[in-house]
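In structure tokens, one chain follows: the form predicted alone.
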């Protein structure tokens, strides 16, 4: 049996291992993440992300005691009591071939060892969420191929709950939207090997004016766990602006989640450097300095994203893609396995005709090239990849951006390094991200509105030397061998992403 490790898979992608693209697309390919984690003794769920023609039969060698694999669905589940790192060999086989890969299952005290990937309801659906919508999104995540390249979480954002609690102080589900409760939705999502996220707020009321969790942290956390929730996005609307207060409130919820007996990823959403008066304060609360220590797995570093390359009018409480890049890029040293900078959700493919928060006045939407650059930069910055478009109705161009498995492999690299902006030559910028196999991912960004640019990277800037191969991760082509540097032709608002590696 041929074992394809993380390094080997990246090498095969880099080499363009088959000249017959059609057949290559039919042969199984196991995608990242190649490391996953869980708390001891809590429910474990993992779908093996696999592209290729169906049906596929999966197998696993080395699963720890307590876990089992459904060979027809590729879903691993169960519970592992003992802490440890468990190496597992996975195999996917269909009528066109067989592929194997290594997976590390880490049972311990840290979740989200790679940036979470999934979908969130807010940017397209706002208040218009429902049981049927979430089930349709789960179906589409499967049918679109997103599930097969590593997208896992389906997150229900604000306004799933009522404004008031019941007579026992319990948070109440809006049964007009979720008539069967949240657990029924979670069970459906879990049946596909996917995970369900939910939203609350560190105050009495959420941003949308319904019940938050302040003062009810343990009760709400236990309810979330009983419903089968796998991720909590925890906002900071209607809360005091003090940094010390934020730290206390987020730590309280993190501790409550940890007591539930369920592995729940914790997303700290308090807008990073900015803040919306009266909730914000000058200079922001800088969550990247403290969020990991209080139990956060990822934290917002900016105001809310808008569906815009660069806002040309004041847009309250928001940032454009380029503004967010400039706020998040300097924070690379704070990111790593289990703790990630969050420059907010992806706006790739958002319908600009819809009147939603992400499409506020002054927002013109983006070109496909700008969306590709947006995806490129978020992957390079090891950001959580949470799509916000209507994945039930996306065109081929949008789909191809979101399921670029070579680019996603850069985002999901287990070394967990965020790219650093190593050069800023005005409109021409260079980002570099070291990878676990010793290679480098490099982004060449042209911020100019109208002029093409030739943007290069010198090997000495990366601390490497000698002949290197260069692969374009959007063209899916290995461009050749280069001795000392590489220069890319970069169009306006384009971000060329290459992987630089030795043979």
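These numbers come from a predicted model, not from an experiment. Residue numbers count along the first chain shown, from 1.
In what follows, reference is made to the form predicted in complex with alpha-D-galactopyranose (GLA), a form of this protein that is not presented.
- alpha-D-galactopyranose (GLA) is not shown here, and in the predicted bound form it never comes within 4.5 Å of any heavy atom of residue 403.
- Although the partner is absent here, residue 208 sits close enough that one of its heavy atoms falls within 4.5 Å of alpha-D-galactopyranose (GLA) in the predicted bound form.
- Mapping the unseen interface onto this chain, residue 157 counts among the residues with a heavy atom inside 4.5 Å of alpha-D-galactopyranose (GLA) in the predicted bound form.
- Though the partner is left out of this view, residue 148 does not reach within 4.5 Å of alpha-D-galactopyranose (GLA) in the predicted bound form, counting heavy atoms only.
- Residue 235 is the only one of 413, 230, 220, 235 with a heavy atom lying within 4.5 Å of alpha-D-galactopyranose (GLA) in the predicted bound form.
- This chain is displayed alone, yet in the predicted bound form one of 431, 122, 298, 224 has a heavy atom within 4.5 Å of alpha-D-galactopyranose (GLA); that residue is 122.
- Only one listed stretch (72-80, 319-327, 200-208, 99-107) carries heavy atoms within 4.5 Å of alpha-D-galactopyranose (GLA) in the predicted bound form, and that stretch is 200-208.
- Although the partner is absent from the chain shown here, 271, 304 and 345 each have a heavy atom within 4.5 Å of alpha-D-galactopyranose (GLA) in the predicted bound form.
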